[in-house]
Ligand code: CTP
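Let's start with one chain on its own, the form predicted on its own, as structure tokens.
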């Protein structure tokens, strides 16, 4: 029987509108890197680490299969290719929600006063929920919600809409939480209605706690 996998995505994605400029976000990849490192340390699974463009310190995880991607489409392709029956997907990355409708093949000059139209990127977790309907046993899908307001409402909406097993709510408006911070904190919602709090701690410590939470899900 093939070894089950934990697939962890991490970091931002970049959506270029010309060869040197892009849309992105401040994600450093530290949280995803910590989760993947904890998965490797736990043992019992092969670990696939799929990372967007980040600082070299968080680009690779020793003991994991490391896959570097740039765009959200790239990340979707890598996740789709690596998630199989019975696996666990921890979607800790912060992929861009939108991309330019048209990418210029040459640098756009500021004198051109460009108007950049955006189109939605594919929703990776929704695509994996569709794939999950073809898998037996199904994969365990874990999402993250980085929110600034109506945080619980949006997290619970994503839990249901994306057919997740659990979601980690991260209120990025709080000091010491979210992007570019060395610490974080979460409220964890399970599809069976349970919720737990993970108090503010280093992202490395939280990586271990997240793996423990995920592996406690029935079927994971």
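Only a predicted model underlies this, so the values are computations on that prediction, with no experimental measurement involved. Numbering follows the first chain given and starts at 1.
Keep in mind the form predicted in complex with ligand CTP is missing from the figure; the text below concerns it.
K.L.:
Please tell me which of 114, 122, 86, 100 lies within 4.5 Å of ligand CTP in the predicted bound form, judged by heavy atoms.
P.N.:
When ligand CTP is considered in the predicted bound form, the option within 4.5 Å is 122.
K.L.:
Among the candidate residues 191, 42, 162, 65, which is the single one with a non-hydrogen atom no more than 4.5 Å from ligand CTP in the predicted bound form?
P.N.:
If I apply the 4.5 Å criterion carefully, the residue I get is 162.
K.L.:
Would you check, heavy atoms only and a 4.5 Å threshold, whether residue 30 touches ligand CTP in the predicted bound form?
P.N.:
No, residue 30 is distant from the partner.
K.L.:
Hey, in the predicted bound form, does residue 72 get a heavy atom within 4.5 angstroms of ligand CTP?
P.N.:
Taking the distances in the predicted bound form, the answer for residue 72 is yes, it comes within 4.5 Å of ligand CTP.
K.L.:
Please tell me whether any heavy atom belonging to residue 139 falls inside 4.5 Å of a heavy atom of ligand CTP, as the geometry stands in the predicted bound form.
P.N.:
Residue 139 lies outside the contact set for ligand CTP.
K.L.:
With the partner left out here, which residues of 142-166 have a non-hydrogen atom within 4.5 Å of ligand CTP in the predicted bound form?
P.N.:
Residues within 4.5 Å: 143, 144, 145, 146, 147, 158, 162.
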